[in-house]
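Only one chain is included here, represented as C-alpha coordinates and corresponding to the form predicted on its own.
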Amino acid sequence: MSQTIEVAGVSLEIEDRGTGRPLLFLHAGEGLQPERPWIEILARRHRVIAPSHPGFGGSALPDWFGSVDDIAYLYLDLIRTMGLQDVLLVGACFGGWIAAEMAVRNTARISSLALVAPLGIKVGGHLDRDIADMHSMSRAAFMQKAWCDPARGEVDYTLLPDAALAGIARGRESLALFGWKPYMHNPRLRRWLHRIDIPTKLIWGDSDGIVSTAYAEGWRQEIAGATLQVVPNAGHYPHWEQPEAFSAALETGA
(Lines give C-alpha, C1' and ligand atoms only; values in the text may rest on other atoms or scores of the structure.)
Protein backbone atom coordinates (compact mmCIF):
# COMPACT_ATOMS: atom_id res chain seq x y z
CA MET A 1 0.00 0.00 0.00
CA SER A 2 1.29 3.44 -0.92
CA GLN A 3 0.29 6.36 1.24
CA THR A 4 1.29 9.88 2.12
CA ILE A 5 1.91 10.85 5.75
CA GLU A 6 2.69 14.28 7.12
CA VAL A 7 5.33 14.28 9.85
CA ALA A 8 6.64 17.45 11.47
CA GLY A 9 5.25 19.46 8.57
CA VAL A 10 6.92 17.26 5.92
CA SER A 11 4.83 15.23 3.47
CA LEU A 12 6.33 11.73 3.04
CA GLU A 13 5.47 9.15 0.42
CA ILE A 14 5.53 5.72 2.10
CA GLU A 15 5.25 2.10 1.01
CA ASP A 16 3.60 0.00 3.74
CA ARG A 17 3.52 -3.77 3.15
CA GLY A 18 2.98 -6.93 5.17
CA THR A 19 2.30 -7.64 8.82
CA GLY A 20 4.36 -8.52 11.86
CA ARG A 21 7.28 -6.85 13.54
CA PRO A 22 7.82 -3.40 11.99
CA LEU A 23 10.82 -3.03 9.70
CA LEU A 24 11.67 0.54 8.73
CA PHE A 25 13.61 0.36 5.47
CA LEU A 26 15.65 3.44 4.50
CA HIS A 27 16.57 3.34 0.85
CA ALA A 28 19.87 3.95 -0.91
CA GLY A 29 20.84 7.01 -2.92
CA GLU A 30 19.25 5.43 -5.98
CA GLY A 31 15.85 5.81 -4.33
CA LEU A 32 13.21 3.13 -3.87
CA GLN A 33 13.15 2.50 -7.65
CA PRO A 34 10.12 1.25 -9.62
CA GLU A 35 11.11 -2.42 -9.13
CA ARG A 36 11.85 -3.29 -5.50
CA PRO A 37 11.49 -7.05 -4.96
CA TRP A 38 13.27 -6.88 -1.60
CA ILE A 39 10.26 -5.13 -0.06
CA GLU A 40 7.91 -7.97 -1.01
CA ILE A 41 10.40 -10.57 0.26
CA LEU A 42 10.91 -8.78 3.58
CA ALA A 43 7.13 -8.35 3.91
CA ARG A 44 6.74 -12.13 4.21
CA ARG A 45 7.83 -11.81 7.85
CA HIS A 46 7.55 -8.11 8.66
CA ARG A 47 5.44 -5.05 8.29
CA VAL A 48 7.77 -3.14 5.97
CA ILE A 49 7.54 0.65 6.07
CA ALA A 50 9.69 2.27 3.37
CA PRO A 51 9.53 6.06 3.05
CA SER A 52 10.98 7.99 0.15
CA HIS A 53 13.45 10.40 1.70
CA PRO A 54 12.63 14.11 1.53
CA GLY A 55 13.32 15.26 -2.02
CA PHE A 56 13.09 11.69 -3.39
CA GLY A 57 10.11 10.15 -5.14
CA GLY A 58 6.94 11.96 -4.13
CA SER A 59 8.21 13.19 -0.75
CA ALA A 60 8.44 16.92 -0.13
CA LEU A 61 11.67 18.82 0.46
CA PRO A 62 10.93 21.94 2.52
CA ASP A 63 13.22 24.92 2.05
CA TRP A 64 14.34 24.67 5.71
CA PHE A 65 15.43 21.06 5.25
CA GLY A 66 19.01 20.42 4.19
CA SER A 67 21.02 17.94 6.30
CA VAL A 68 21.09 14.24 7.17
CA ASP A 69 20.48 15.34 10.77
CA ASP A 70 17.12 16.71 9.63
CA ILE A 71 16.17 13.36 8.05
CA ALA A 72 17.23 11.44 11.16
CA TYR A 73 15.04 13.52 13.43
CA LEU A 74 12.18 13.34 10.93
CA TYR A 75 12.25 9.53 10.88
CA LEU A 76 12.42 9.31 14.65
CA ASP A 77 9.27 11.42 14.62
CA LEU A 78 7.80 9.11 11.95
CA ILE A 79 8.31 6.09 14.21
CA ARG A 80 6.55 7.90 17.05
CA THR A 81 3.76 9.25 14.83
CA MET A 82 2.98 5.76 13.52
CA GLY A 83 3.08 4.32 17.05
CA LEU A 84 5.78 1.78 16.17
CA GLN A 85 7.65 -0.26 18.80
CA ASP A 86 10.32 -2.98 18.61
CA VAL A 87 11.44 -1.62 15.23
CA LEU A 88 14.02 -3.36 13.08
CA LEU A 89 15.77 -0.40 11.44
CA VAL A 90 17.42 -1.22 8.10
CA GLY A 91 19.35 1.36 6.10
CA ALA A 92 21.14 0.79 2.80
CA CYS A 93 23.93 3.01 1.45
CA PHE A 94 22.73 6.60 2.03
CA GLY A 95 19.87 5.16 4.08
CA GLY A 96 22.45 3.42 6.28
CA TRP A 97 24.01 6.78 7.08
CA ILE A 98 20.58 8.08 8.09
CA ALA A 99 19.89 4.97 10.20
CA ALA A 100 23.18 5.37 12.06
CA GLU A 101 22.41 9.02 12.77
CA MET A 102 19.05 7.94 14.20
CA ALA A 103 20.57 5.21 16.36
CA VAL A 104 23.15 7.46 18.01
CA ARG A 105 20.31 9.78 19.02
CA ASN A 106 17.47 7.59 20.28
CA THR A 107 16.82 3.83 20.24
CA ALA A 108 13.84 3.82 22.61
CA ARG A 109 11.53 2.38 19.92
CA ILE A 110 14.24 0.64 17.87
CA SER A 111 15.35 -2.81 19.03
CA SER A 112 17.87 -3.79 16.34
CA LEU A 113 19.80 -2.20 13.50
CA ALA A 114 21.06 -3.42 10.13
CA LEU A 115 23.40 -1.22 8.11
CA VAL A 116 23.74 -2.33 4.50
CA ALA A 117 26.99 -0.98 3.03
CA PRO A 118 26.35 2.37 4.72
CA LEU A 119 27.94 5.65 3.81
CA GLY A 120 28.44 8.28 6.50
CA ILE A 121 31.84 8.03 8.21
CA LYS A 122 35.49 8.73 7.42
CA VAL A 123 37.82 5.74 7.99
CA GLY A 124 41.01 6.50 6.05
CA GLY A 125 43.36 9.46 6.09
CA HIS A 126 42.59 12.97 4.90
CA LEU A 127 43.56 12.19 1.30
CA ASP A 128 42.17 8.64 1.21
CA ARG A 129 39.04 7.96 -0.81
CA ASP A 130 36.79 5.86 1.45
CA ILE A 131 33.71 6.23 -0.76
CA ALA A 132 33.87 6.14 -4.55
CA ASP A 133 32.95 9.45 -6.16
CA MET A 134 29.64 8.36 -7.64
CA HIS A 135 28.94 11.78 -9.14
CA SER A 136 32.12 12.08 -11.19
CA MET A 137 32.06 8.75 -13.03
CA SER A 138 30.07 7.69 -16.06
CA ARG A 139 26.93 5.63 -15.62
CA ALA A 140 28.71 2.60 -17.09
CA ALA A 141 31.64 2.97 -14.68
CA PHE A 142 29.25 3.39 -11.75
CA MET A 143 27.37 0.22 -12.68
CA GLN A 144 30.63 -1.73 -12.83
CA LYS A 145 31.56 -0.59 -9.31
CA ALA A 146 28.10 -0.84 -7.75
CA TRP A 147 26.99 -4.23 -9.09
CA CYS A 148 28.54 -7.68 -9.19
CA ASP A 149 26.49 -8.24 -12.35
CA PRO A 150 25.65 -4.82 -13.85
CA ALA A 151 22.91 -6.37 -16.01
CA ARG A 152 20.88 -6.96 -12.84
CA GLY A 153 20.75 -3.24 -12.16
CA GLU A 154 19.88 -1.98 -15.61
CA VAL A 155 16.69 0.07 -15.78
CA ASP A 156 15.02 0.93 -19.08
CA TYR A 157 14.13 4.52 -18.35
CA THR A 158 12.21 4.81 -21.62
CA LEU A 159 9.55 2.53 -20.15
CA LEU A 160 9.03 4.55 -16.97
CA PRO A 161 6.16 7.02 -16.58
CA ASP A 162 6.98 10.71 -16.30
CA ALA A 163 6.21 10.76 -12.57
CA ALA A 164 8.77 8.00 -11.90
CA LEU A 165 11.41 9.76 -14.01
CA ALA A 166 10.77 13.04 -12.21
CA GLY A 167 11.14 11.27 -8.86
CA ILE A 168 14.49 9.75 -9.88
CA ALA A 169 15.79 13.13 -11.09
CA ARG A 170 14.67 14.81 -7.87
CA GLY A 171 16.39 12.10 -5.85
CA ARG A 172 19.72 12.62 -7.58
CA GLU A 173 19.57 16.34 -6.90
CA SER A 174 18.62 15.72 -3.28
CA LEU A 175 21.43 13.22 -2.74
CA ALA A 176 23.90 15.90 -3.84
CA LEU A 177 22.26 18.39 -1.48
CA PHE A 178 22.57 16.11 1.55
CA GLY A 179 25.96 14.59 0.80
CA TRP A 180 28.03 16.81 -1.47
CA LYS A 181 30.31 18.51 1.04
CA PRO A 182 31.85 16.92 2.94
CA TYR A 183 31.42 14.07 0.50
CA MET A 184 28.86 11.51 1.72
CA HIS A 185 29.87 11.55 5.38
CA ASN A 186 29.55 13.40 8.66
CA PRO A 187 33.04 14.04 10.11
CA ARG A 188 31.62 13.79 13.64
CA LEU A 189 29.48 10.66 13.29
CA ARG A 190 32.25 8.10 13.83
CA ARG A 191 32.98 9.53 17.29
CA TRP A 192 29.36 8.97 18.35
CA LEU A 193 28.84 5.42 17.07
CA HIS A 194 29.67 4.09 20.54
CA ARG A 195 26.24 5.39 21.60
CA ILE A 196 24.50 2.71 19.55
CA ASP A 197 23.19 0.40 22.27
CA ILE A 198 21.17 -2.16 20.27
CA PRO A 199 22.24 -5.30 18.37
CA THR A 200 23.77 -4.15 15.09
CA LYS A 201 24.47 -6.09 11.94
CA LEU A 202 26.58 -4.89 9.01
CA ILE A 203 25.68 -6.46 5.66
CA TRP A 204 28.02 -6.10 2.68
CA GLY A 205 28.18 -7.40 -0.87
CA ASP A 206 31.40 -9.25 -1.63
CA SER A 207 31.90 -7.27 -4.87
CA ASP A 208 31.14 -3.78 -3.56
CA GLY A 209 33.24 -1.23 -5.43
CA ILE A 210 31.64 1.81 -3.79
CA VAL A 211 32.65 1.06 -0.18
CA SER A 212 35.02 -1.83 0.55
CA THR A 213 34.90 -4.44 3.29
CA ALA A 214 37.86 -2.56 4.83
CA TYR A 215 35.47 0.35 5.23
CA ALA A 216 33.01 -2.09 6.79
CA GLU A 217 35.64 -3.01 9.35
CA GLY A 218 35.88 0.65 10.34
CA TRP A 219 32.19 0.60 11.19
CA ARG A 220 32.43 -2.72 13.03
CA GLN A 221 35.21 -1.50 15.29
CA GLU A 222 33.20 1.54 16.41
CA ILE A 223 29.89 -0.20 17.27
CA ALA A 224 30.05 -2.50 20.29
CA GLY A 225 29.11 -6.06 19.41
CA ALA A 226 28.45 -5.32 15.74
CA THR A 227 28.73 -8.28 13.38
CA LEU A 228 29.59 -8.30 9.68
CA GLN A 229 27.93 -10.61 7.17
CA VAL A 230 29.03 -10.69 3.53
CA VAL A 231 26.54 -11.59 0.78
CA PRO A 232 28.11 -13.51 -2.13
CA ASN A 233 27.68 -12.36 -5.73
CA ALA A 234 26.48 -8.90 -4.71
CA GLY A 235 27.81 -5.39 -5.08
CA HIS A 236 26.80 -2.22 -3.27
CA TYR A 237 23.09 -3.10 -3.24
CA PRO A 238 22.87 -6.68 -1.87
CA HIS A 239 19.19 -6.13 -1.02
CA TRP A 240 18.52 -5.40 -4.70
CA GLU A 241 20.97 -7.73 -6.44
CA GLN A 242 20.47 -10.77 -4.17
CA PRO A 243 17.19 -10.09 -2.33
CA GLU A 244 16.62 -13.65 -1.07
CA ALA A 245 20.20 -13.96 0.25
CA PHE A 246 19.91 -10.49 1.75
CA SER A 247 16.69 -11.41 3.55
CA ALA A 248 18.34 -14.56 4.92
CA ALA A 249 21.36 -12.52 6.13
CA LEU A 250 19.04 -10.06 7.81
CA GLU A 251 17.15 -12.77 9.67
CA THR A 252 20.24 -14.74 10.76
CA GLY A 253 20.54 -14.38 14.52
CA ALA A 254 17.59 -11.96 14.62
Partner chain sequence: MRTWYFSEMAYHPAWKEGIDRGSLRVNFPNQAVDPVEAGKLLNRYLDEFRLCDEVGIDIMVNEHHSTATCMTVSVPMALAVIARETKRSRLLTLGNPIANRPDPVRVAEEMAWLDCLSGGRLEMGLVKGAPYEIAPANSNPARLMRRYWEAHDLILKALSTHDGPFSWEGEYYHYRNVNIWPRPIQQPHPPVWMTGMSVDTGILAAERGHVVGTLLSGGLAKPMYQAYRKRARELGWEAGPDRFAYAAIIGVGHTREEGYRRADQIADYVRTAPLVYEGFTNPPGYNSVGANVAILKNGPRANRIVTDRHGEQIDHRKATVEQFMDTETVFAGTPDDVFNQLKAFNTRMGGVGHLLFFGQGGFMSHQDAMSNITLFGKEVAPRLLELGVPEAAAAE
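Predicted model, so just to flag it, every value in this text is computed and none were measured. Positions refer to the first chain, counted from 1.
Missing here is the form predicted in complex with its partner chain; even so, the following discussion is about that form.
Across the proposed site, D128, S247 and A249 without exception lack any heavy atom within 4.5 Å of its partner chain in the predicted bound form.
Among the residues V104, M143, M82, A176, the one placing a heavy atom within 4.5 Å of its partner chain in the predicted bound form is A176. The single contact residue among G209, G58, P62, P199, judged by any heavy atom lying within 4.5 Å of its partner chain in the predicted bound form, is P62. Heavy atoms within 4.5 Å of its partner chain in the predicted bound form are found in exactly one of 179-187, 143-151, 71-79, 84-92, that being 179-187. Of the heavy atoms in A169, some are within 4.5 Å of its partner chain in the predicted bound form. Shown alone here, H135 lies within 4.5 Å of its partner chain in the predicted bound form, counting heavy atoms only. Its partner chain in the predicted bound form is approached by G66, whose closest heavy atom lies within 4.5 angstroms of it.
Contact residues in stretch 153-169 (any heavy atom within 4.5 Å of its partner chain, taken in the predicted bound form) are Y157, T158, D162, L165, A166, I168, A169.
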